[in-house]
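Form predicted alone, single chain, as structure tokens, below.
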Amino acid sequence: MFDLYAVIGNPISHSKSPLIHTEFSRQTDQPLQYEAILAPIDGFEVAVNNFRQQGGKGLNVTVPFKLEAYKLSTLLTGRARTAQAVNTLKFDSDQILGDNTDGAGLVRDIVFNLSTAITAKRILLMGAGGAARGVIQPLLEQKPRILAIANRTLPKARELQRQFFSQGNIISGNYLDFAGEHFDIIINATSASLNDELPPLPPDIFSEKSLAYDMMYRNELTHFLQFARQQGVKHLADGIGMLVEQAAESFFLWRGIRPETRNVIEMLKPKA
């Protein structure tokens, strides 16, 4: 018998989560089947209920449903409650446990896989949606010098600043507010890369030693990473490492076993 898990989102055809969890299953000898579910934009709850009726044990949740997953959860982990966004659901009887493993995955990828310290660094986080919410607390726990949130819609950025102001040095603004500033780590938490778009980012925020990190991933550089490279940035990273690390956190929540990640990250990187 195989336990059933899946990733749910819209779009979803690009997702590498089925490959990752299949590898985790092989590596740990855990009997599970993992698939991808394309849910209609207005049909997330129905799709989740259908999956549960099929015997589904858990879901990874991606764009644009992380806020809906938060509302659907009947129990929340501390980090999900703080983020007010959920990327992992675990079904147990009538309960729906919501967790958020994004932040842990991002921090582990930056600090361990990319060997880049966050402590005492200047960080710019682009975006104020569910993806951004999920990583703010774990980033602040690393005690950066400052965490700046940039967003097209200023009230959303201000809301996140108010929510997390007691946990660290956090500021917010629209993109042009940060013109002339320099940051050590610039993280794209927007969905712009899915649509081959680039947020209105001032070019002078980069330095040669900056890390440009896109939480999205493609076989080629995203528009954001191309833009960073044009500004002279040499340290570029997409979201593959974060994806694998947050998946490992989800796998641990579901199965109680923590899989090895480094070989899976290497397996998923585009071959030159």
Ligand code: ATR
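Remember, predicted model here, so these are calculated numbers, not experimental data. Throughout, we count residues from 1 along the sequence that is shown.
Below, we refer to the form predicted together with the named molecule, which is not included among the displayed structures.
- When contacts are judged by a 4.5 Å heavy atom cut-off, G78 does not count as touching the named molecule in the model of the complex.
- Although the partner is absent here, G180 lies well away from the named molecule in the model of the complex, with no heavy atom inside 4.5 Å.
- Using a 4.5 Å cutoff between non-hydrogen atoms, A189 counts as a contact of the named molecule in the model of the complex.
- Interface residue remark: N151 is counted as part of the site for the named molecule in the model of the complex, having a heavy atom within 4.5 Å.
- When the named molecule is considered in the model of the complex, only one residue from G103, G130, P144, G98 comes within 4.5 Å through any heavy atom, namely G130.
- Contact with the named molecule in the model of the complex, defined as a heavy atom within 4.5 Å, holds for exactly one of G168, P202, G173, P199, namely P199.
- With the partner left out here, the named molecule still marks one of 70-78, 90-98, 130-138, 117-125 in the model of the complex; by a 4.5 Å heavy atom cut-off that stretch is 130-138.
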